[in-house]
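Here we start with a single chain on its own, the form predicted on its own, put down as structure tokens.
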């Protein structure tokens, strides 16, 4: 069944190539396609395009299909192009003429747009909750090890005094900024394209504000022609937010890989959380973090892939856009998997103490020696020169946490302030589940 068939049998190879992976990918959209159809049906009855009895029959049938989808029993048949066509076939098979009215005032263009935006909204909110779990864990580690000193590095060389509290806390604040980007992508995504049809509206008296309300979008996507143009733009914003999260995961993983080496041994994990070698008995490999790093680095290429796919497309719908779905859907899955396994690893991290007792790190206290002289009234540049002469031979007195009093230093981590920022930015990730919105739609059956 092809919604666009006109009595000519299409060449099978053409259909197979143009459908691509849609039969599999579109299963992610099934419940949201049904919910979008329910909102559309309610609106069609309210504006007088279908009658009340037709609305009730269509909503009941869509409800049964929703339950079937929840149980995994709704599939896209081999001769069906996509989930939209499958739903329409089911409706027509069950309701006959009434079922054929489901597509009234819609195109597959705005139908897939609304499906993707609803699905993506849910995925963004799920991801935000997972990020919050990781954020909370990292902040707790920052507090737990706030007094354990650690060499801070610049140019891969020991530089100044740091702490595990500062190190963990830096990645927590990274996630706070990642959440801000994700919130921005969500806001851009959460506008209703339903009713823009093929990108040029319709002469039917539809009520787009009504479907916006029913589907709990923030607002309309107003200009019909912008609906097609928005494809790629929204995905680019989402890809950029996912890439930002991935960058945080990648850099954190790289630090851990370095800190686990035998030269550092700042941190460790139980043997059951690392891997070994088939030939070298001593090996304890950080495979999990290497794979997080690799997968995260691949996700960071996603914005460029989206940009390259869409950069030279003319306005209006182009089939190239079909490929965006799989790219974005896969990226959500990859980021969530990486966060979940990182959370598991951090639950079992072992922190080495007394690292800075090693004479190798004596010189990381030299900058603080300069500051001691400055506090005594010596000009900074003179103090710097004096200490630079001492560096070759003199050990320096260790600083204590109480010496660091400014915001964001190892003596004043400001974790509460960072947590407040994060929690404020989390306020927008509160959409209702597909089941909850579907239940609301069924209240319109009389």
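Positions refer to the first chain, counted from 1. Since the model is a prediction, treat every value here as computed from it, not as a measurement.
Omitted from view is the form predicted together with a small molecule, to which the following refers.
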Heavy atom of each of 82, 112 and 317 within 4.5 Å of the small molecule in the predicted bound form: yes
Heavy atom contact within 4.5 Å of the small molecule in the predicted bound form, the stretch among 242-250, 368-376, 69-77, 103-111: 103-111
One residue of 325, 186, 117, 293 in contact with the small molecule, assessed in the predicted bound form (non-hydrogen atom, 4.5 angstroms): 325
